[in-house]
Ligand SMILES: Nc1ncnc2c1ncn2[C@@H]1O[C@H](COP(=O)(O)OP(=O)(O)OP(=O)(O)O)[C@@H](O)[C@H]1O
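In the block that follows, a single chain appears as structure tokens, in the form predicted on its own.
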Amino acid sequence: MNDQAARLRRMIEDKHPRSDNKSNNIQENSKPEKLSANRGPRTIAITSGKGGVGKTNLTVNLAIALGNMGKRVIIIDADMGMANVDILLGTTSRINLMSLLESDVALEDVLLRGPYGVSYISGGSGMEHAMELTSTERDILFRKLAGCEEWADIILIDTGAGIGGNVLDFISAADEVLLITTPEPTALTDAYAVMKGYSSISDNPNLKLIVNRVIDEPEIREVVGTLSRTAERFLKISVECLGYIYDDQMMIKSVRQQVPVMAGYPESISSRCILSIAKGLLNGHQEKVKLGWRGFLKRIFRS
């Protein structure tokens, strides 16, 4: 296993040389209910090393699961240039985060309540210019976005993939980071690159791993073991697995239908996995998901 970890590290070094620099139309939608301010929401960035591993899908479904558990959740779509929370919800937005720069636009105008109880702020195509703002524009956004704490218990930030496009700025600013990957070697390599970049700029890394599209528990253990041992050995950080999502045709079907799997197929294995991740976030530890009889049959008769 040490050889496997060393190979993974070498792949990363070749692909991402180390840097010593550590800085670096829903017109009818109702608005979320505003409640009294609390101690401040948990801010959780959801990120990935590469695109196509299910990051935004997890974000939307996790918001639904947490909402069903009584939590007020807001999604900030911060995936620059690829903002697609709208797509997964089957909606479109004419107003987005960057609209806040207009003097007559308030937070309540961009904070939309989409279907399935999902409250979100669309990133829109303008998010790709978010890091080119002047100091005055940044102050305006900061002042208006600060009001989110009065509307949410948990804020999920759907970042872009990889370590470019200011993704590290978002994840380093969050209280917690969920890194989603799949078992494919390229996804693992890029996931490690995110760990490496995050650990280089964070004084107190708080990162948990989620493995998507897994077949069985041995595969989960192999993926988690490889990444956690490599991170501990070469980055000196501890990485725990918060949960996993079994490969599920209902997930694929839900994406095509533009209906989150938690809403369209709440009894599916992928929905139960996402629910366990939501419980893990609230309880502080991983929740096991049992495959049950149907899962047993699928494994027995899987071609």
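Remember, predicted model here, so these are calculated numbers, not experimental data. Sequential numbering from 1, following the sequence displayed.
One more form of this protein exists, namely the form predicted in complex with this ligand; it is left out here, but the text below deals with it.
Against this ligand in the model of the complex, the set Asn212, Asp248 and Ile252 is in full contact: each member has a heavy atom within 4.5 Å. Contact annotation: Val53 falls within 4.5 Å of this ligand in the model of the complex, judged by heavy atom distances.
Contact between Ser99 and this ligand in the model of the complex is not found at the 4.5 Å heavy atom cutoff. In the model of the complex, this ligand sits within 4.5 Å of a heavy atom belonging to Ala161. In the model of the complex, no heavy atom of Asp86 sits within 4.5 Å of this ligand.
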